[in-house]
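We begin with a single chain expressed as structure tokens, specifically the form predicted on its own.
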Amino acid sequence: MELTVLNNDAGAEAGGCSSSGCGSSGDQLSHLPDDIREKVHNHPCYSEEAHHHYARMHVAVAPACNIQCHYCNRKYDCANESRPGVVSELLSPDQAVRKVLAVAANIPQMTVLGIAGPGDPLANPERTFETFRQLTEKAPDIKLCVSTNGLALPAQVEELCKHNIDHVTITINTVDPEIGAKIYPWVFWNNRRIKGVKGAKILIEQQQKGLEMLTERGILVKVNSVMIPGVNDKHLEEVSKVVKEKGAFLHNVMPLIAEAEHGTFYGVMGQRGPTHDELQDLQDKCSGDMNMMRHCRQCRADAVGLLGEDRGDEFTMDKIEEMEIDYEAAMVKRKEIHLEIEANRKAQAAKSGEAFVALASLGTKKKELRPVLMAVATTGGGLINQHFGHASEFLIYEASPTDVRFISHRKVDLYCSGGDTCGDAETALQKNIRTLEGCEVVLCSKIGYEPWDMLEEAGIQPNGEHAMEPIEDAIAAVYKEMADAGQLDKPRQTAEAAQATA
């Protein structure tokens, strides 16, 4: 099979910030045509900037899958776990539609409905398309998306087009059947289970064909890839070039999640996932040829809410059955909320312009200044608005003399629930601080004395002075303060040095 579509010349031409998605999030998509920017403007999964303001939800209507992946076990579920393929409730299409209307009426920021499992949506076409058909009719203000492994994609492209689905995600972990055989033990194709390299070759061919068919029809395609150290980590740069050549708009390289208790092959066999540095290094290498997604939360197949939060417990079917939903009235309210969000985004963008003018002038004077990683606690809205001890994840940004760019997010264990429990769980706090290794500043709305002291001992400066300010403005301001204080003219202070000077 030939997949030699590596267009090195085209790749070289596409390098630099404008093509890589680096730079401030407001500029991430500035090089794209207006029609594409319009499609992703309020899509939290496709736009890094939109994910601060808009929510998404997944409905679990697709139980069956037509391939086996070594990182997947759909039988395992923990309600507190965010991981693709796990769900707490499997829904019928009618139940799913009622749930979508209930969520959209109560979370007006919700703009996107996706079907992503727990199996493969296109291996369950009747259930998937019945859900889309009803939502197209009853909730025309919601974007419809689907995520697939791609095996059945070419046969379903025309049906996807009928339902006005203009965003599709394909999981493509390799374009090499030999590597594919190490990830997929079998695929179910033409009523037969086909194993090894032969099965992987069929899957890859179908993925590539489906990708090209979608892009020919103007459908935006995001490609997800799971980074598996020692299996495909050295190969994903080639994957990124291939899928871009075939028309993919965005590439999302995600870390492997493999724990023995999940019961997956990789988990049981002790296959490790990548470190934060390994993942970022690969994303940076791929970004020379492709727009990279860095804000993915690897959501559950029944996730509800902003990325990074899950409000699924508020919308179980027993609770939804008791709700009275007037979706005509809800659409009016949703439109008002969306207008308010857009006004806020516009105001924040105008204010950010002032901050980045200051940063740009700093860069022209001191290009030798080193970059700095900063962690941010936020509940959304693009603001620094969360207590350090209440954060279940931190957004990681890199500030440099030329820009502020989003790097990734890092999940932590909730160690503080307030009140009498505050500060009791010292071990969890220490673990969380280790998770922030490499960061020099933590920006949050508030922080207690104990974590403050421990962060300083670890060489990380807590900062609560920018509470309720836009994230990128605050980071730019802190970076400029560090530069003015001469802190960026010398190497980063290590934890050992911080403890020695304490």
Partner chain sequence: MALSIVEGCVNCWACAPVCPSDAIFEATPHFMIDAKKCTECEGDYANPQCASICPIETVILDAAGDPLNPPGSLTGIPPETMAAAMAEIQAR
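These figures come from a predicted structure and were not determined experimentally. Numbering follows the first chain given and starts at 1.
Unshown form predicted together with the partner chain; subsequent notes refer to it.
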| item | value |
| --- | --- |
| Whether Phe129, Ala152 and Ile204 all lie within 4.5 angstroms of the partner chain in the predicted bound form by heavy atom | no |
| Stretch in contact, per heavy atom within 4.5 angstroms of the partner chain in the predicted bound form, of 341-349, 311-319, 268-276, 211-219 | 268-276 |
| Exercise: Trp186 in contact with the partner chain in the predicted bound form, heavy atom 4.5 Å | yes |
| Heavy atom of Gln68 within 4.5 Å of the partner chain in the predicted bound form | yes |
| Any non-hydrogen atom of Arg193 within 4.5 angstroms of the partner chain in the predicted bound form | yes |
| Interface membership of Pro229, the partner chain in the predicted bound form, 4.5 Å heavy atom rule | yes |
| Of Gly448, Pro63, Gly459, Gly438, the one that lies within 4.5 Å of the partner chain in the predicted bound form (heavy atoms) | Pro63 |
| Answer option from Lys138, Arg370, Arg74, His163, heavy atom within 4.5 Å of the partner chain in the predicted bound form | Arg74 |
